[in-house]
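Let's start with one chain on its own, the form predicted on its own, as structure tokens.
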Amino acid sequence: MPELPEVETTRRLIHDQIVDRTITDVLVTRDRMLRRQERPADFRSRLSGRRIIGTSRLGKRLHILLGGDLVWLVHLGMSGRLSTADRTSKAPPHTHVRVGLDDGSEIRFTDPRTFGYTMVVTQDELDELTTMGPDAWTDPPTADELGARLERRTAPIKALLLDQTIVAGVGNIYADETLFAAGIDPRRAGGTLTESDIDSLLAALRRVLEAGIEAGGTTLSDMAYLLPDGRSGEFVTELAVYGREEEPCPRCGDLIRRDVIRGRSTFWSPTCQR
């Protein structure tokens, strides 16, 4: 968490509030958030005075596009939240980065667990950093492309869905929901999926991501993810299997099972996902 739907929701909600604004000042109270910036001072100097010209996203990474062919990259990690507010208002606890804009507002990066990070890079530097596969929402692989990536793979399909070099943006929640919607056993070796299986998997992934984005993402009981305006993502009410161990499957009524696959909790229906 957050995964593709949460980051896309964040991008959509802040886009109109920050585009065409000029950055006036930058405050970083915890340099750990810049740990992937080669020189922390570059973050401040590259942001200051820049105009924000757009936003985009790749997988779980949010890109804020700046003048001068620079990209402000934000990865929310496990508990990060990006929001905008009047700079005179009190910032929430654990707000480690504050970027002032010329209309009196500011962009705030809040992250209690500090697994998130941010940096400002040139387009060339961004290209060097990008080792991810195609975006699961904006540029999903075709069935032939995904089939080629899975060919002869012996790892469980659940683990392969979480591999960002195969397809970018899918995390634990949406992998479980996608495999359930496609009727595929999460333990099954990726290389054994048939053309029909892959077609079902891609169609299910599209439906699940679309529903997740429409609902504003998933806010679990730990409240690790919130929308920029403080609301909770409502997809939690639509989860079919994730987090529902020992509850009845909504399709067959048998109990949902929890297994650990490659170190990740996996929720699935043994009856519906044969």
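Counting begins at 1, following the sequence as shown. Just so you know, these numbers come straight off a predicted model, no measurement behind them.
Not on display, but discussed next: the form predicted together with the DNA.
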Which listed residue (T88, T142, T194, T154) meets the criterion of a heavy atom within 4.5 Å of the DNA in the predicted bound form?
T154
Which pick from R30, R51, H63, R44 sits with a heavy atom within 4.5 Å of the DNA in the predicted bound form?
R30
134 to 142, 105 to 113, 118 to 126, 200 to 208: which one contacts the DNA in the predicted bound form at 4.5 Å, heavy atom to heavy atom?
105 to 113
With the partner left out of view, is G77 within 4.5 angstroms of the DNA in the predicted bound form by any non-hydrogen atom?
yes
For P186, is any heavy atom within 4.5 Å of the DNA in the predicted bound form, or not?
no
The DNA contact at A182 in the predicted bound form, heavy atom, 4.5 Å
no
With a cut-off of 4.5 Å between heavy atoms, is L160 one of the residues that contacts the DNA in the predicted bound form?
yes
Residue by residue through 163 to 177, tell me which have a non-hydrogen atom within 4.5 angstroms of the DNA in the predicted bound form.
Q164, G171, N172
